[in-house]
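Coming up is one lone chain in structure tokens, specifically the form predicted on its own.
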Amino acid sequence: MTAKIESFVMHCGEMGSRWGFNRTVGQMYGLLIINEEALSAVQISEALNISRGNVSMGIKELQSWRLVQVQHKPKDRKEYYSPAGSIWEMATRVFEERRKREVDPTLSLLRDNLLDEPGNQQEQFAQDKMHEIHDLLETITNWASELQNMSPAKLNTLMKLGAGVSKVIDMKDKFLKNG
């Protein structure tokens, strides 16, 4: 690997730990992203100087996130791995998997707690806060689902609007306040 490629791969390891998988798995995914050709487990192992067992476990983890696909080459018994889809699809899958692993269990716990009648003022206050958290997470989850259904081109346009949307809302608020 060149220094530039190694820098990217190492950074993907750091980002992977923030996305919800370990550093080595992040490095493996970074390596797969920037290689034009699919890589075998041996090639991944050699490039990252990690054991084949570590590669095997990492591939399983990436498959559980639906981030890699297996390919076969004619007259070659080895399996080769490449990213499953575009960068947009990768971002969507990471977000979706994090939602399943982090947000959905929290929403489930909150729903269960909100079904119970509060026993005292302290529980009522706690339940009111849990209701606020539930509503916020539901809103974010619904909004994110709508974003995931947009085409990459429309989503890119929406993101480029960025602060412009906030300015339009501020203008609307000022207009309605003065009107």
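One rule holds for the numbers: they count along the sequence shown, beginning at 1. For clarity, every value in this text was computed on a predicted model and none was experimentally measured.
Below, we turn to the form predicted in complex with the DNA, even though it does not appear here.
A.B. asks: Would A41 count as a contact of the DNA in the model of the complex, using a 4.5 angstroms cut-off between non-hydrogen atoms?
C.D. replies: A41: yes, in contact with the DNA in the model of the complex.
A.B. asks: Indicate whether S51 is a 4.5 Å heavy atom neighbour of the DNA in the model of the complex.
C.D. replies: Yes.
A.B. asks: Report yes if any heavy atom of E102 sits within 4.5 Å of a heavy atom of the DNA in the model of the complex; otherwise report no.
C.D. replies: Contact with the DNA, no.
A.B. asks: Would L137 count as a contact of the DNA in the model of the complex, using a 4.5 angstroms cut-off between non-hydrogen atoms?
C.D. replies: L137: no, not in contact with the DNA in the model of the complex.
A.B. asks: Among 138 to 146, 57 to 65, 29 to 37, 122 to 130, which stretch has residues with heavy atoms no more than 4.5 Å from the DNA in the model of the complex?
C.D. replies: Residues of 57 to 65 come within 4.5 Å of the partner.
A.B. asks: For a quick check, can you give me the residues of 15 to 32 that have a heavy atom within 4.5 Å of the DNA in the model of the complex?
C.D. replies: Those in contact are N22, R23, T24.
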